[in-house]
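Next up, structure tokens for two forms of one chain, structure 1 and then structure 2.
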Structure 1
Amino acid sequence: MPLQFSISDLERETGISRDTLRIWERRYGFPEPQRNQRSERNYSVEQLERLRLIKQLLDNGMRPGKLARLNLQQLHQITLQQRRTETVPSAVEELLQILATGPRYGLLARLEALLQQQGLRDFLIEVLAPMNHAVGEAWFTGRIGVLDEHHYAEQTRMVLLAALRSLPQRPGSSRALLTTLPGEQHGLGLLMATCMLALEGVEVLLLGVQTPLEEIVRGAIESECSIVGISCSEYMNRRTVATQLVRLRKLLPAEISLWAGGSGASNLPLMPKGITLFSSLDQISPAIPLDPLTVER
């Protein structure tokens, strides 16, 4: 029984309005869905996927008339071409520019546009991750102030939380508890990790910063989480991090995995055992235990 989507499903999932979907069908012959007994449109997963790609390219300035005639493969090809010539490295510079000089209220809009353009996954990996480094750097060299750093963090938080809410929650997959160690103030990496996990359908129990170790353990057990994730910023002392992670590992039941990520979790002085370290966001997806429901992606 192949999955089928109604026209409102598609509107929600792709961000293309019902009216537009219908008129594309009339004009370009795509997407041409099947009909149910009530002659309502039923779209397939392929059509959804194709429309997602089209929407991305649309936001990048291409025209629907051209795109509607292309198949999945061709769309992918164009996406790649675009990406090579496009934005990504310059996006960081542009954001820094806004932060350093620009109108303060422009940041949110720009972040949202980038999210739309890249999709959440790439936005996290290719925009936010380098941007976080760049912001730290820019502060260090005095190009921007603490104020701007805070502003960046706050606006990013807003964009990510919104994105998080709009992700479909599939219950039944694995569950993770995410927080930072006591002493760690920075919650942005945490939020980014949450997004990565949520993208893979993991139910995330997000706890904010600085949860005492004992409470982490209690929460993980009570909420039946199979993963505990810890985010460590580069500003943390490596030694402290390592010590605390080892202690946490001892406190946690063996069947719960302990994951640690962020710049503060790489190059740890003593490599603790039974702890999975992530040095970049894109290592997260492959590490997630396979869920029987997850077929593709």
Structure 2
Amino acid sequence: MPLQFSISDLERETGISRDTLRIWERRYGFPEPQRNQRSERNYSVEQLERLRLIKQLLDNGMRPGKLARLNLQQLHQITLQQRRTETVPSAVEELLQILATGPRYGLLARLEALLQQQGLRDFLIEVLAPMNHAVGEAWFTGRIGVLDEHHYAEQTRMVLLAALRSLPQRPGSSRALLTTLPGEQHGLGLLMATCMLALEGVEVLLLGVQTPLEEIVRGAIESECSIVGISCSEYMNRRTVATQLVRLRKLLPAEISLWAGGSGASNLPLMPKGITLFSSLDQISPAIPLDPLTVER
């Protein structure tokens, strides 16, 4: 019997909400589920793969009506065409090759070597930022699997934590709380933002992933943070992210800045005043408030 997926599986694996999947089913005739004995929707592996590619192409600006009519081979062709137009840094392609073909122990050593060669700031901006995007692309297209994606995330986490520990301790004029919204399980962007802030002398309270909004507010107030930073991956529903950010802004005191960054924040609708969206890591440093004592000197 072929492997079947529920609509919840599809939502989790593709980042497309079940409401959207039902709308596409009625409007475009795809996805086309089978029904089990309890009349629940079941989907094939082929439909899951098509939806992964569709999600990737949607994020690149294409429309669902056209994509829903294409078969798996046609979707792969469009995806490959888009990838050919992208310039992938040689270091990123090298890391992808190690990740896809091994040996697995070679990934950590290569990441550490690139960090040593480039320094932390350039390593974050020129290697890890494009590598994160490339890993997501490789997963969508089937070049790597979940095991490889998790292996990359954990090896990168080890490298960044070691880099953070090696930074000189400087009393910061600003404090920032970093976390993700409820439902967001990807935390690598948090560590990358933490490193960027630490390079500027900002003291960071790193809470990890999926912190309830009320607890974010409590942590920011109790720790006297001037910034709350939220990392958003592309796997989270954009509407959910926007709704939670607006609610968090209302809960936070006006004097605390609310920042949101990552691939999941890049295509958000216009946010109300008091929410700053970042599309790249190099936008962080100029946005940090100046130390009044430094300005006086």
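Every residue number counts along structure 1's sequence, beginning with 1. Rigid core here is just the name for the largest C-alpha set that superposes within 1.5 Å across the two forms. Here the structure is a predicted model, which is why all the values come from computation and not from measurement.
Practice problem: Tell me which of the two, 1 or 2, is the form predicted in complex with the DNA. | Solution: Number 1 is right.
Quiz item: Do you see a C-alpha shift of 2 Å or more at residue 243 between the two structures, with the core held fixed?
Solution: For residue 243, whose C-alpha is compared between the two structures after core superposition, the shift is less than 2 Å.
Quiz item: Using the core for the fit, does the CA position of residue 48 change by 2 Å or more between the two structures?
Solution: Passes the 2 Å threshold, so yes.
Practice problem: Examine residue 17 after superposing the rigid core and state whether its CA is displaced by 2 Å or more between the two structures. | Solution: Moves: yes, 2 Å or greater.
Quiz item: After superposing on the rigid core, how many Å does the CA of residue 66 move between the two structures?
Solution: Its C-alpha position differs by 59.3 Å.
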